[in-house]
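In the form predicted alone, a lone chain appears below as C-alpha coordinates.
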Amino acid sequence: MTQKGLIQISSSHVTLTETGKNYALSIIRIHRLWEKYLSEKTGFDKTLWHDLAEAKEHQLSKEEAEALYEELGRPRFDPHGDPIPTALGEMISETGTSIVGVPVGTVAKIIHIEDEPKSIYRQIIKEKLHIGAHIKISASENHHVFFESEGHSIQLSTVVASNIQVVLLTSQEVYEEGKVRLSSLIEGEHATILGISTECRGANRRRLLDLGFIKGTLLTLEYLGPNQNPRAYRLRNTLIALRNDQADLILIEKTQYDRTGSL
(Lines give C-alpha, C1' and ligand atoms only; values in the text may rest on other atoms or scores of the structure.)
Protein backbone atom coordinates (compact mmCIF):
# COMPACT_ATOMS: atom_id res chain seq x y z
CA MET A 1 0.00 0.00 0.00
CA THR A 2 2.94 2.30 0.69
CA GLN A 3 4.45 1.53 -2.71
CA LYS A 4 1.15 2.33 -4.37
CA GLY A 5 0.99 5.65 -2.54
CA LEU A 6 -2.16 4.78 -0.61
CA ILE A 7 -0.76 5.21 2.92
CA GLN A 8 2.01 7.00 4.78
CA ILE A 9 3.76 5.51 7.80
CA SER A 10 5.39 7.75 10.41
CA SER A 11 6.55 6.35 13.75
CA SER A 12 3.52 4.41 15.06
CA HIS A 13 0.92 6.12 12.87
CA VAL A 14 -0.55 5.03 9.55
CA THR A 15 -2.50 7.60 7.56
CA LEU A 16 -4.23 7.56 4.21
CA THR A 17 -2.81 9.73 1.47
CA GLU A 18 -5.14 11.73 -0.75
CA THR A 19 -4.81 8.93 -3.31
CA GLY A 20 -5.61 6.42 -0.56
CA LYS A 21 -8.74 8.32 0.48
CA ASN A 22 -9.99 8.40 -3.09
CA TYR A 23 -9.31 4.69 -3.50
CA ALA A 24 -11.11 3.91 -0.22
CA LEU A 25 -14.15 5.90 -1.35
CA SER A 26 -14.21 4.04 -4.66
CA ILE A 27 -14.20 0.72 -2.77
CA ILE A 28 -17.05 1.93 -0.54
CA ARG A 29 -18.94 3.05 -3.64
CA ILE A 30 -18.61 -0.36 -5.32
CA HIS A 31 -19.47 -2.21 -2.08
CA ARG A 32 -22.67 -0.25 -1.53
CA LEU A 33 -23.68 -0.40 -5.18
CA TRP A 34 -23.26 -4.17 -5.13
CA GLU A 35 -25.36 -4.46 -1.96
CA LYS A 36 -28.01 -2.41 -3.76
CA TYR A 37 -27.78 -4.77 -6.72
CA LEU A 38 -28.14 -7.83 -4.49
CA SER A 39 -31.22 -6.36 -2.81
CA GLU A 40 -32.90 -5.24 -6.05
CA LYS A 41 -31.96 -7.89 -8.58
CA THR A 42 -31.34 -11.16 -6.72
CA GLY A 43 -32.95 -13.40 -4.13
CA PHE A 44 -29.99 -13.51 -1.74
CA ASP A 45 -30.93 -13.16 1.92
CA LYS A 46 -30.05 -9.78 3.40
CA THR A 47 -27.73 -11.40 5.94
CA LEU A 48 -25.47 -12.35 3.00
CA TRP A 49 -25.33 -8.98 1.23
CA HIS A 50 -22.38 -7.54 3.17
CA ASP A 51 -20.09 -10.54 2.77
CA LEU A 52 -20.94 -10.95 -0.93
CA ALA A 53 -20.26 -7.26 -1.53
CA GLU A 54 -16.92 -7.50 0.29
CA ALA A 55 -15.88 -10.21 -2.15
CA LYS A 56 -16.97 -8.12 -5.15
CA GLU A 57 -15.70 -4.67 -4.16
CA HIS A 58 -12.15 -5.32 -5.41
CA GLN A 59 -13.26 -7.02 -8.63
CA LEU A 60 -15.33 -4.37 -10.40
CA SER A 61 -13.57 -1.71 -12.44
CA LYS A 62 -14.66 1.93 -12.26
CA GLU A 63 -16.30 1.54 -15.66
CA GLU A 64 -18.26 -1.52 -14.50
CA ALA A 65 -19.27 0.32 -11.32
CA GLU A 66 -20.59 3.24 -13.40
CA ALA A 67 -22.58 0.87 -15.60
CA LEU A 68 -24.06 -0.73 -12.49
CA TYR A 69 -24.87 2.71 -11.07
CA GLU A 70 -26.83 3.58 -14.23
CA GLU A 71 -28.57 0.19 -14.32
CA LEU A 72 -29.80 0.67 -10.76
CA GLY A 73 -31.22 4.11 -11.53
CA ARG A 74 -28.46 6.18 -9.94
CA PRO A 75 -29.24 5.30 -6.30
CA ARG A 76 -28.16 7.63 -3.49
CA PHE A 77 -28.34 5.05 -0.68
CA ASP A 78 -27.64 1.35 -0.26
CA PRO A 79 -30.31 -1.02 1.17
CA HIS A 80 -29.12 -0.33 4.73
CA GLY A 81 -29.57 3.42 4.29
CA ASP A 82 -25.84 4.21 3.94
CA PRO A 83 -25.03 6.95 1.40
CA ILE A 84 -23.33 5.80 -1.80
CA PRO A 85 -20.33 8.02 -2.66
CA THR A 86 -20.50 9.68 -6.05
CA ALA A 87 -17.95 8.93 -8.77
CA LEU A 88 -16.17 12.13 -7.64
CA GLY A 89 -15.98 10.90 -4.05
CA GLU A 90 -18.70 13.14 -2.63
CA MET A 91 -20.76 11.73 0.25
CA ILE A 92 -24.26 12.72 1.33
CA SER A 93 -24.27 13.72 4.99
CA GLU A 94 -26.44 11.64 7.32
CA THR A 95 -29.37 13.42 8.95
CA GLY A 96 -30.88 10.72 11.16
CA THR A 97 -30.72 10.21 14.89
CA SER A 98 -30.53 7.05 16.98
CA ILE A 99 -33.86 5.62 18.04
CA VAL A 100 -32.50 5.57 21.59
CA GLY A 101 -33.58 8.73 23.39
CA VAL A 102 -36.40 9.61 20.97
CA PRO A 103 -39.28 10.96 23.11
CA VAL A 104 -42.24 8.71 23.89
CA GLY A 105 -45.12 9.29 21.49
CA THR A 106 -42.86 10.32 18.61
CA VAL A 107 -43.65 8.92 15.17
CA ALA A 108 -40.70 8.53 12.84
CA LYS A 109 -39.31 6.67 9.83
CA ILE A 110 -36.31 4.32 9.79
CA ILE A 111 -33.61 5.61 7.41
CA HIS A 112 -30.58 3.55 8.43
CA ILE A 113 -29.89 0.12 9.94
CA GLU A 114 -26.26 -0.67 10.72
CA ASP A 115 -25.39 -4.16 9.46
CA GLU A 116 -22.42 -4.71 11.76
CA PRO A 117 -21.86 -6.41 14.10
CA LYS A 118 -23.76 -9.31 12.55
CA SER A 119 -25.20 -10.54 15.86
CA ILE A 120 -26.99 -7.22 16.43
CA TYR A 121 -28.08 -6.94 12.79
CA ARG A 122 -29.72 -10.37 13.00
CA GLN A 123 -31.73 -9.26 16.05
CA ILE A 124 -32.99 -6.22 14.16
CA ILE A 125 -34.06 -8.06 11.00
CA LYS A 126 -35.63 -10.82 13.11
CA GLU A 127 -38.21 -8.16 14.05
CA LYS A 128 -38.70 -7.53 10.30
CA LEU A 129 -37.67 -3.90 10.63
CA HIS A 130 -36.52 -2.22 7.44
CA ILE A 131 -35.66 1.06 5.79
CA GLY A 132 -38.77 3.20 5.32
CA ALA A 133 -40.79 1.51 8.08
CA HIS A 134 -42.81 3.89 10.27
CA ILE A 135 -42.50 3.52 14.03
CA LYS A 136 -44.13 5.02 17.12
CA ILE A 137 -42.22 5.12 20.40
CA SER A 138 -44.44 3.75 23.18
CA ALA A 139 -41.99 3.59 26.11
CA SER A 140 -38.33 3.98 26.96
CA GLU A 141 -36.36 2.64 29.92
CA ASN A 142 -32.70 2.67 30.89
CA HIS A 143 -31.90 -0.48 28.95
CA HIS A 144 -34.81 -0.97 26.52
CA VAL A 145 -36.86 0.87 23.91
CA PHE A 146 -40.47 -0.10 23.14
CA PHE A 147 -42.22 0.89 19.91
CA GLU A 148 -44.91 -0.06 17.38
CA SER A 149 -44.26 -0.83 13.72
CA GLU A 150 -46.70 -2.20 11.14
CA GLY A 151 -49.07 -3.48 13.83
CA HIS A 152 -46.38 -5.21 15.90
CA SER A 153 -45.14 -4.28 19.37
CA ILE A 154 -41.35 -4.46 19.49
CA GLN A 155 -38.90 -4.33 22.38
CA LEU A 156 -35.17 -3.86 21.79
CA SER A 157 -32.28 -3.36 24.14
CA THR A 158 -30.64 0.06 23.85
CA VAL A 159 -27.50 -1.65 22.54
CA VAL A 160 -29.43 -3.10 19.61
CA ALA A 161 -31.70 -0.08 19.11
CA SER A 162 -28.70 2.27 18.87
CA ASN A 163 -27.96 0.69 15.46
CA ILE A 164 -31.22 2.09 14.06
CA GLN A 165 -31.47 5.70 12.87
CA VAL A 166 -34.74 7.52 12.26
CA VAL A 167 -36.08 10.89 11.11
CA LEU A 168 -39.39 12.56 11.89
CA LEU A 169 -42.11 12.14 9.30
CA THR A 170 -42.50 14.98 6.84
CA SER A 171 -45.74 16.95 6.49
CA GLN A 172 -46.60 14.79 3.45
CA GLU A 173 -46.16 11.51 5.35
CA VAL A 174 -48.88 10.11 7.59
CA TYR A 175 -48.47 7.53 10.34
CA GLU A 176 -51.37 5.14 9.84
CA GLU A 177 -52.39 3.61 13.17
CA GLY A 178 -54.33 0.78 11.55
CA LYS A 179 -51.61 -0.30 9.13
CA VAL A 180 -50.58 -3.93 9.72
CA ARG A 181 -48.94 -6.75 7.75
CA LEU A 182 -51.14 -9.06 5.69
CA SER A 183 -49.71 -12.03 7.61
CA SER A 184 -51.64 -10.85 10.69
CA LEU A 185 -55.03 -11.40 9.00
CA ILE A 186 -57.18 -14.12 10.61
CA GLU A 187 -59.21 -16.63 8.57
CA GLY A 188 -62.46 -15.02 7.43
CA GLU A 189 -61.25 -11.45 8.06
CA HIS A 190 -61.42 -8.78 5.36
CA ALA A 191 -58.91 -6.05 4.61
CA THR A 192 -58.03 -3.23 2.26
CA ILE A 193 -54.53 -3.11 0.80
CA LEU A 194 -52.67 0.07 1.75
CA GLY A 195 -49.55 -0.71 -0.26
CA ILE A 196 -46.45 -2.85 -0.55
CA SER A 197 -43.64 -2.43 1.95
CA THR A 198 -40.54 -0.49 0.87
CA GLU A 199 -38.67 -3.64 1.89
CA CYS A 200 -40.09 -5.38 -1.20
CA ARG A 201 -38.01 -4.49 -4.23
CA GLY A 202 -37.32 -5.37 -7.84
CA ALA A 203 -38.83 -8.52 -9.32
CA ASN A 204 -40.58 -9.49 -6.06
CA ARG A 205 -42.41 -6.17 -5.97
CA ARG A 206 -43.42 -6.40 -9.63
CA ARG A 207 -44.70 -9.95 -9.09
CA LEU A 208 -46.97 -8.93 -6.19
CA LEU A 209 -48.33 -6.01 -8.21
CA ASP A 210 -48.95 -8.29 -11.20
CA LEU A 211 -50.86 -10.69 -8.93
CA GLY A 212 -53.21 -7.83 -8.02
CA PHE A 213 -51.94 -6.69 -4.63
CA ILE A 214 -52.63 -3.06 -5.46
CA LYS A 215 -53.51 -0.20 -3.10
CA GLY A 216 -57.27 -0.04 -2.46
CA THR A 217 -57.96 -3.67 -3.36
CA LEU A 218 -60.21 -5.63 -0.99
CA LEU A 219 -59.20 -9.14 0.05
CA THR A 220 -60.10 -11.95 2.45
CA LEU A 221 -58.10 -14.73 4.06
CA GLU A 222 -59.94 -17.92 3.11
CA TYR A 223 -57.68 -20.94 3.64
CA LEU A 224 -54.73 -21.86 5.82
CA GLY A 225 -52.06 -24.33 4.73
CA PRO A 226 -50.27 -26.82 7.01
CA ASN A 227 -48.90 -24.96 10.05
CA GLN A 228 -50.80 -21.91 8.71
CA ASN A 229 -48.22 -21.45 5.96
CA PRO A 230 -48.87 -20.75 3.10
CA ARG A 231 -52.23 -19.01 3.23
CA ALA A 232 -54.76 -18.44 0.45
CA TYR A 233 -56.21 -14.94 -0.04
CA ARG A 234 -59.18 -14.07 -2.24
CA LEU A 235 -58.93 -10.84 -4.20
CA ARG A 236 -60.62 -9.84 -7.45
CA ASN A 237 -62.44 -13.25 -7.45
CA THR A 238 -59.13 -15.10 -7.49
CA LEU A 239 -57.46 -17.25 -4.84
CA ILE A 240 -53.74 -16.56 -4.44
CA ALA A 241 -51.46 -18.46 -2.06
CA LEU A 242 -48.63 -16.60 -0.32
CA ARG A 243 -46.04 -17.68 2.20
CA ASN A 244 -46.11 -15.69 5.42
CA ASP A 245 -42.78 -14.02 4.63
CA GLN A 246 -44.35 -12.76 1.38
CA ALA A 247 -47.52 -11.62 3.18
CA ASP A 248 -45.31 -9.64 5.59
CA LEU A 249 -44.46 -7.37 2.65
CA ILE A 250 -48.08 -6.34 2.01
CA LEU A 251 -49.54 -3.66 4.28
CA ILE A 252 -53.27 -3.63 4.96
CA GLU A 253 -56.01 -2.14 7.08
CA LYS A 254 -58.52 -4.62 8.45
CA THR A 255 -62.08 -3.87 7.31
CA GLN A 256 -65.36 -4.46 9.09
CA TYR A 257 -68.43 -5.62 7.13
CA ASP A 258 -72.04 -5.30 8.24
CA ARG A 259 -74.54 -8.17 8.01
CA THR A 260 -75.41 -7.31 4.41
CA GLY A 261 -71.79 -7.73 3.35
CA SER A 262 -71.31 -4.01 2.79
CA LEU A 263 -68.45 -1.94 4.18
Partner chain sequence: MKENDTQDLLDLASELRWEVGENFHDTLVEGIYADAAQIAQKTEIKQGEPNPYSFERKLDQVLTSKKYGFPIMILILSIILWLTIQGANYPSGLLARFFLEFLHPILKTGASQVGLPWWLDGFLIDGVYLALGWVISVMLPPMAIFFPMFTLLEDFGYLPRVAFNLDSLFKKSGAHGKQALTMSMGWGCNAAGVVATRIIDSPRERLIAIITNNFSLCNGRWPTQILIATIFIGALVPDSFSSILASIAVIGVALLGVGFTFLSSWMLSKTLLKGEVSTFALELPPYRPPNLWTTLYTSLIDRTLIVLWRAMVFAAPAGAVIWLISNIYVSDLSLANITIDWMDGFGLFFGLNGVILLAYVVAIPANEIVIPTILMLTVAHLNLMGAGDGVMFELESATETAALLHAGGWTLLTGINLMLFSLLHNPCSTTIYTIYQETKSWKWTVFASIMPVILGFLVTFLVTQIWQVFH
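Keep in mind that this is a model prediction, so the values were computed, not measured. Residue numbers count along the first chain shown, from 1.
Another form, the form predicted together with its partner chain, is not on view; read the next lines as being about it.
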Open item on the list: Given the stretches 168-176, 135-143, 112-120, 76-84, which is the single one in contact with its partner chain in the model of the complex, using a heavy atom cutoff of 4.5 Å?
Closed with: 76-84
Task: Close approach of residue 65 to its partner chain in the model of the complex, 4.5 Å, heavy atom - done: no
Open item on the list: Check residue 239 for me: does it contact its partner chain in the model of the complex (non-hydrogen atoms, 4.5 angstroms)?
Closed with: yes
- [ ] Find out whether any non-hydrogen atom of residue 210 is located within 4.5 angstroms of its partner chain in the model of the complex, and reply yes or no.
- [x] yes
- [ ] State yes or no: in the model of the complex, is some non-hydrogen atom of residue 51 no more than 4.5 angstroms from a non-hydrogen atom of its partner chain?
- [x] no
Task: Candidate site 42, 224 and 227: all three near its partner chain in the model of the complex by heavy atom within 4.5 Å - done: yes
